[in-house]
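What follows is a single chain, given as structure tokens, in the form predicted on its own.
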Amino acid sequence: MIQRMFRVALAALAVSVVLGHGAALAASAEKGKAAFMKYGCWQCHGTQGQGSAITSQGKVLAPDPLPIEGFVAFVRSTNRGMPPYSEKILPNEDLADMHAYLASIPKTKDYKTIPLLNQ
């Protein structure tokens, strides 16, 4: 348990160092979408992070993803249905881009604003 907490803290520290000082602003939603597809995240989480009713493992990621530090810490150290992804497999830059992609996905419209559904 202590090792797990240490790994999560270390991952959060690494993210703050790598992404700190404005580098998070340089993350690319376009590259993030490509990385989301490349690493197979879409298979459980849907192509827009909407989650999956079929697998029930793919949690909703967008819109409003976790803060970047929590997102990275979870991806690096999860021991649940999703395997952890080390930096050797999924670089911090790709992870930051994926977070930017998920953050760029707009919220769905309220059904009340869709005329066809209100007839």
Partner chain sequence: MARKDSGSKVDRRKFLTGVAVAGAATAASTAANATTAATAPARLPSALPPTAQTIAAETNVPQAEMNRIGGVAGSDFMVDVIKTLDIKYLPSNCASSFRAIHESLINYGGNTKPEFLTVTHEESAIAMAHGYFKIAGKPLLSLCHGTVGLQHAAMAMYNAWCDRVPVIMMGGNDLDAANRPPGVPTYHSAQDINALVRDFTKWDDTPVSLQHFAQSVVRAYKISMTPPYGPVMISLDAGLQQEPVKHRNGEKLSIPKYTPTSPPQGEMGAVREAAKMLASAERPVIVVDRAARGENGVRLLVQLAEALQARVVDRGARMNFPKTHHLSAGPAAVNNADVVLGLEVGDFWAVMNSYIDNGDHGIGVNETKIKPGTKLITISSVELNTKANYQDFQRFQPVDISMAADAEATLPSLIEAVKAAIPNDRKAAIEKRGEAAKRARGEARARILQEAAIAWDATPISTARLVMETWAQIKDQDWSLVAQSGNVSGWPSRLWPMEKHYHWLGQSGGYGLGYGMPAAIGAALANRDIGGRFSVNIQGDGDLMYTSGAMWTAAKHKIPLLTVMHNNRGYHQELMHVQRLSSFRNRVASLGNDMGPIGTSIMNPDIDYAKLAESMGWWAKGPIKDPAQLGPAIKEAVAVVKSGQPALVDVWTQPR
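Predicted, not measured: the structure shown is a model, and the values here were computed from it. Residue numbers count along the first chain shown, from 1.
Here the subject shifts to the form predicted together with the partner chain, a form of this protein not shown in this document.
Interface residue remark: residue 92 is not counted as part of the site for the partner chain in the model of the complex, having no heavy atom within 4.5 Å. Proximity of residue 67 to the partner chain in the model of the complex: non-hydrogen atoms within 4.5 Å are absent; the residue sits far from the partner.
At least one heavy atom of residue 85 is located within 4.5 Å of the partner chain in the model of the complex. Proximity of residue 42 to the partner chain in the model of the complex falls within the 4.5 Å heavy atom cutoff.
Taking the partner chain as positioned in the model of the complex, the residues of 95 to 119 that bring a heavy atom within 4.5 Å of it are, in sequence order, 108, 109, 110, 111, 114, 116, 117, 119.
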